[in-house]
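Given next, in structure tokens, is a single chain: the form predicted on its own.
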């Protein structure tokens, strides 16, 4: 399909790329057609020729990020390997573009969410999960992926200027250590892990636990 390009050389792809950059820099609130027009050095009318409104633009920007995130080059082509690749691709995409998590959580019927659910569902079926249980297994994976990835991105945005992730986790671990060990024995045991854990590793451990549960249920 040919790219639709206006007389000023403006294309839908160029508009979407600019919108993604603005969303990365300032979030949903930073994206207005006036600001986008200034960035692209064109009039709002030229943008409307390609995109009807902000909602359509947000959907297009989200779809562009997801298309890249779901392009798996994972060597493991097994259903389990594909699910892990989908999960990690989405985690990294939402970590890099935090606004994507918010877009995916707004409407369960959004094209992007449906695309993810379909990809996961196909692999759940390939795992041999009985038809009557596939919806629940795929839902558990989808909800965990979007919820955990979105929360990780949200946590990254609340850092105070000049505060590193290590500082933030260290402070939280210190709070856990200061709690009464008789009341919070578990938190005392895992405080050190909390203070220096890797977010991607923690996320994928959750995926593996869900997959193990799915396999055990079969």
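Numbering follows the first chain given and starts at 1. Rigid core (definition): largest C-alpha set, two forms, superposition within 1.5 Å. Note that the structure is predicted; figures quoted are calculated from it, not measured.
FYI, the form predicted together with another copy of the chain isn't displayed, but the following is about it.
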Review point. Applying a 4.5 Å heavy atom distance criterion, does residue 21 contact another copy of the chain in the predicted complex?
Key: no
Exercise for review: Classify residue 32 as contacting or not contacting another copy of the chain in the predicted complex by the rule of any non-hydrogen atom within 4.5 angstroms, answering yes or no.
Suggested key: no
Check your understanding: According to a 4.5 angstroms non-hydrogen atom cut-off, is residue 25 in contact with another copy of the chain in the predicted complex?
Key -> no
Review point. Does another copy of the chain come within 4.5 Å of any heavy atom of residue 98 in the predicted complex?
Key: no
Exercise for review: Decide if the three candidate residues 48, 86 and 93 all line another copy of the chain in the predicted complex, where lining means a heavy atom within 4.5 Å.
Suggested key: no
Review point. Does any residue in 137-155 get within 4.5 Å of another copy of the chain in the predicted complex, counting heavy atoms only, and if so which ones?
Key: 137, 138, 139, 140, 143, 144, 146, 147, 148, 150, 151, 154, 155
Review point. By the 2 angstroms cut-off, has the C-alpha of residue 193 moved between the shown form and the other one once the rigid core is superposed?
Key: yes
**Study point:** CA of residue 173, rigid core aligned, shift of 2 Å or more between the shown form and the other one
**Key:** yes
Point to revise | Yes/no, residue 63 Cα shift of 2 Å or more between the shown form and the other one with rigid core fixed | key: no
